[in-house]
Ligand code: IPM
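In structure tokens, one chain follows: the form predicted on its own.
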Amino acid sequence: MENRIKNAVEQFEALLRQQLARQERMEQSAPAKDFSGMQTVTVGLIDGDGIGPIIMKQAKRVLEKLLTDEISAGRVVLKQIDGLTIENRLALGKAVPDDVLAEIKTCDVLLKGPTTTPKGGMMESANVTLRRELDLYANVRPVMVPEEGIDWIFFRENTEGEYALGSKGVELPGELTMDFKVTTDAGTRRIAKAAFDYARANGKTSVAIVTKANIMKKTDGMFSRIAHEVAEGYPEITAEDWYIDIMTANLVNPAVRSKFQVFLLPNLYGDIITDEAAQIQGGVGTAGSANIGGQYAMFEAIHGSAPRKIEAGEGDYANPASILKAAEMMLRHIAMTGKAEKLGKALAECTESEKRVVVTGHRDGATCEAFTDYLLEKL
């Protein structure tokens, strides 16, 4: 017993030192890229697995049409990156194989299809690995339901919380296991600043800081405290504390939900509540997701790889709307706002105002390709 406790303590010490080193690296990070001044932007295209290649094929069609002039002039390079499939990752025993990661790091931004995370074992999620390796600290997810007055945007801390060490906990076989949650000063300050900067730049008047600080007093307590310290620099914006359990209830309460604007959350809570918010919008297939850091950014659909849909022979009916929303967000990020507006308008016409082509995800709807055919007519 004593030896097992000693080994566990040594394991925890190693994790603690790693996280302290990460905190120091964050404090010394380089300034963020300014895409408006870049001569060439390299966009990495990653298919993923399951329905990923199906929806990414349509996203490529859309980008190639929207960016025809920029691609011809060398202003934008679309670079295909292969190898981030569940089969290759399992064969190599790597969440992100080394050669794939090296290719990814030659890009400025990524548009990525969903990837499967195996249950059990020690293999980490590819997304968690990429967020850490590329330091993609801000997960940003917009949700809009105009007819109900809903215009939300979620800023989820993306590199800490339970996910940072989710596969590195301590296990005493047959007795107990312990996972760890990490919150750093630098990590919290930068996500809080991103949320408040967005609020100021977009005329928002409130930021909801969502934690469980009444129970998780050290980690969530620190997150809330630092968020309020950052908020002091934005006196025109109201910062309100909310607990995650009541906020999940608020989002399904039509009497109050339209008052919320910007949300600031730790990693796990943000992961859960943004799926709830997407469902209110029309389902997880309707929402895009941005993972943003100082040097890299990754844009993706928020849903999974849907292997059961492939097994049922329904892959061609996968909804491409989420990856196309992500492409719209990517275009804004690389300072191509006009292209983003054009894609956003076409998406809104196809999915909201006209609804002439509806992708339900089942055989009673349009195929993924048919949806994109109709969308391309509007670009």
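Computed from a predicted structure; not experimentally measured. All residue numbers are counted from 1 along the displayed sequence.
Just so you know, the form predicted in complex with 3-isopropylmalic acid (IPM) exists too; it's not on screen, but the next bit is about it.
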Given the stretches 194-202, 255-263, 171-179, 127-135, which is the single one in contact with 3-isopropylmalic acid (IPM) in the predicted bound form, using a heavy atom cutoff of 4.5 Å?
127-135
3-isopropylmalic acid (IPM) in the predicted bound form has a heavy atom of only one listed residue within 4.5 Å, and of Y296, W152, W242, Y163 that residue is Y163
Of these, I280, A95, V100, I302, which has a heavy atom no more than 4.5 Å from 3-isopropylmalic acid (IPM) in the predicted bound form?
I302
4.5 Å heavy atom contact, T248 to 3-isopropylmalic acid (IPM) in the predicted bound form
no
Contact of D108 with 3-isopropylmalic acid (IPM) in the predicted bound form (heavy atom, 4.5 Å):
no
Heavy atoms within 4.5 Å of 3-isopropylmalic acid (IPM) in the predicted bound form: does T238 have any?
no
So, in the predicted bound form, is R156 in contact with 3-isopropylmalic acid (IPM) at a 4.5 angstroms heavy atom limit?
yes
Judged by heavy atom distances of 4.5 Å or less, which residues of 256-275 approach 3-isopropylmalic acid (IPM) in the predicted bound form?
D271
